Structure formats: structure tokens, C-alpha cells
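For reference, the chain that follows is the form predicted on its own, supplied as C-alpha cells.
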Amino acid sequence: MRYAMIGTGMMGCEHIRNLKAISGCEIVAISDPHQPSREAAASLLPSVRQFSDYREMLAQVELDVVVISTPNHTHLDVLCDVFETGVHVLVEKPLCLTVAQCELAIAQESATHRDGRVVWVGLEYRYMAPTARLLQEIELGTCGDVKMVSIREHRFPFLQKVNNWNRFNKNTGGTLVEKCCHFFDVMQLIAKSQVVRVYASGKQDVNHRDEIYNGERSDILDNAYVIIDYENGVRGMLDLSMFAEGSTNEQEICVVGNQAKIEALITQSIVRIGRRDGWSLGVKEVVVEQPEDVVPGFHSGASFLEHVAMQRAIREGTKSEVTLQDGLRAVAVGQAAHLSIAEARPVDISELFR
């Protein structure tokens, strides 16, 4: 498979390292208008063709798969151009900034669709070893009927990106779109139901408050609580702090059903299972790890497994495991949460689809 990368910053290079470790594929071209990023990627691929304009690359190079890892606010335009070529596509999260933009991207894919094309959204957290094991236990019925899902992410601040694009809501969609779409995707997989309503409280309390770029002050929030109601009665909650570096686990997922409680702890890579009918015997604790051949990377091997799964879908003619609709639903929760914060009220998810 002949790959091209559009966007060769931190995540673009992450994808390059993963693809280099997978047999049966080759990265033949890269594109990025930022020369230092392009040169960093080219150092990993000495013979690769380089372009500053991705449209020239699409016109000149024969490709099978394109990976898009550009800043969030560019996704819609880049996607629409790539869809015209008919190639397979992996687009990094979030799909777009808003529900309306996601719907435009989905319409463009439908208008240009070719049989067998795989379009994949980079919601890698599904493939982290503890998360994957938790999802497996839920499928096996360990929890019984799921009633409550809570996710805590206590972590470090946003990393610095080219031209500091990630310091502004207008470029990212807001923290609850940019960062937390991962978690809203995982919650939906667990709840197995559609979102009805979102309540949120959040603020920019600590990080980036005094940062000014081209006369504009950073407005990206750094902490929030988000509560989600699902159609089937499941309730979800996100607890986010981006000034909590001193945490044993960056992420903790807790699922409670009528038969058991399951926790996935990241970065300890532990899954705990406590059954109601065996509470006196204590909690079962399992250390989970990715297979030995997985490239660890920024997401503990999840990006590597994502590429392996996508290539399998392409070769076998099966559907994407992480669809544009999945990307849309994750963005919708984040957008609703930001609206809830701005207007200090619950937001019905239907408001975003009018």
C-alpha cells in the first residue's frame, strides 16, 4: 500500500514510525507547509517525495492511502480534497470542529464514494490495552447491564504546536472537542446508546492564561466536568484536569453495571474487576499489555494497532471500525459540553442537528 502523509507534526511523525514497522506498506510522499516539520518527517524517510502543498502531492503521486494529521481547523477542507481522489483515508481526531462541519465532510464522502473505500477516524483510545480489555469484558457480560460510566483524565497541559494553533478554541473546537472526543467515543461504545443530553461546567483556571499570540489571549479551557445522559438510561461522566501531572494514572475508566464494576487504569495498564456476587473474595486485578511486536508510541501502541486494523479492512474489503459517524458523535458531545458551559444550562444533543 502506497501511503502519503498530510501534516507531519507530532502525530504525523507518530504515524510514520508506526507504518514503517508494518510490512506491506510504504510511505511514498509527505506534505506540510511548515518546513521544519517536513524536514523532521523526511529524516525518518530519506527517499520520500516532499511537498509543501498537499494538493500538488495528490495530483502528482499515485497513492492508495492518505493519513491526515493537520490542525483541526483544516480537516474539512483537506478531507473534501482527498475524498475527490477516491483513496482510502485516515483522518486524525477530531473529525472536524463542529457537527455542521462533520456533516459536510460526511456528505462529501458520500458524493465521492467508491466501493471498497475505507475511511477511518483516528480515535485511538479504543485500542489502548486496558481500554480494549475493559470493552471486551463488557461484551462478555461481566458487568451485566451497564448503568454508569465515568472517565477521569488528570494530565499535563497541552503540548506546544506549530504557531501555537492549539491555544485557541477557534482552531481546536475547544478542549472538550480536541482532547475529549476520545473519551466520548469510548463512552458511547460502553453505553451502546445515543446521547440525549449534556451538562457541563469548565473553565481556564491555570494553564496558558497569560499567553498572548498576535494580540490574542489564549482561551483554551484546562478543566471540566461533563455529565451525559443516554437514551437507554446509562449515565456518563468525564472529569478532566490538565494541570494534574502528579498523577499515578493519566486516565481511569470506571464502568458499573448491575453485576460488577470494572476499572481500566492507564498508565499502570491494569484492569480491576469487582463482582457483586463475589465481593467478599476481593477485586480481581489483571495487568494487560499490548503484543510484543506493537510499536509503543504516544498512545501505548494504540496507533499501531489502528493502522493494522485499517489495513486489514482495506485488504479484506470490510468496513471501517471507526467511522465518520463515530467521529461526528464524539464531536457532538464536546460541542454540546462547550455550549452548556457558555450558557450555563443543559444542552439537548438535538439542538446541534437542526
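Owing to the predicted nature of the structure, the values given are computational and were not obtained by experimental measurement. One-based numbering along the sequence shown.
Below: the form predicted in complex with a small molecule, not depicted.
Trainee: So the small molecule isn't shown here. In the model of the complex, which residue out of Ser269, Thr74, Asn169, Gln101 has a non-hydrogen atom within 4.5 Å of it?
Mentor: None of the others qualify; the residue that does is Thr74.
Trainee: Tell me which stretch of 64 to 72, 282 to 290, 311 to 319, 325 to 333 has a heavy atom within 4.5 angstroms of the small molecule in the model of the complex.
Mentor: Contact-bearing stretch, as computed: 64 to 72.
Trainee: Would you say all of Arg17, Val87 and Gly301 touch the small molecule in the model of the complex, counting a heavy atom within 4.5 Å as a touch?
Mentor: No, because Arg17, Val87 and Gly301 lack any heavy atom that approaches the small molecule to within 4.5 Å in the model of the complex.
Trainee: Closest heavy atom of Pro33 to the small molecule in the model of the complex, within 4.5 Å or not?
Mentor: Contact with the small molecule, yes.
Trainee: May I ask you to check whether Trp165 falls inside a 4.5 Å heavy atom distance of the small molecule in the model of the complex?
Mentor: Within the cut-off, so yes.
Trainee: If we define contact as a non-hydrogen atom of the residue within 4.5 angstroms of the partner, is Asp185 a contact of the small molecule in the model of the complex?
Mentor: Close contact is absent here: in the model of the complex, Asp185 is far from the small molecule, nothing within 4.5 Å, heavy atoms only.
Trainee: Consider Glu178 of the chain shown here, and say whether it contacts the small molecule in the model of the complex, taking contact as heavy atoms within 4.5 Å.
Mentor: Glu178 belongs to the contact set for the small molecule.
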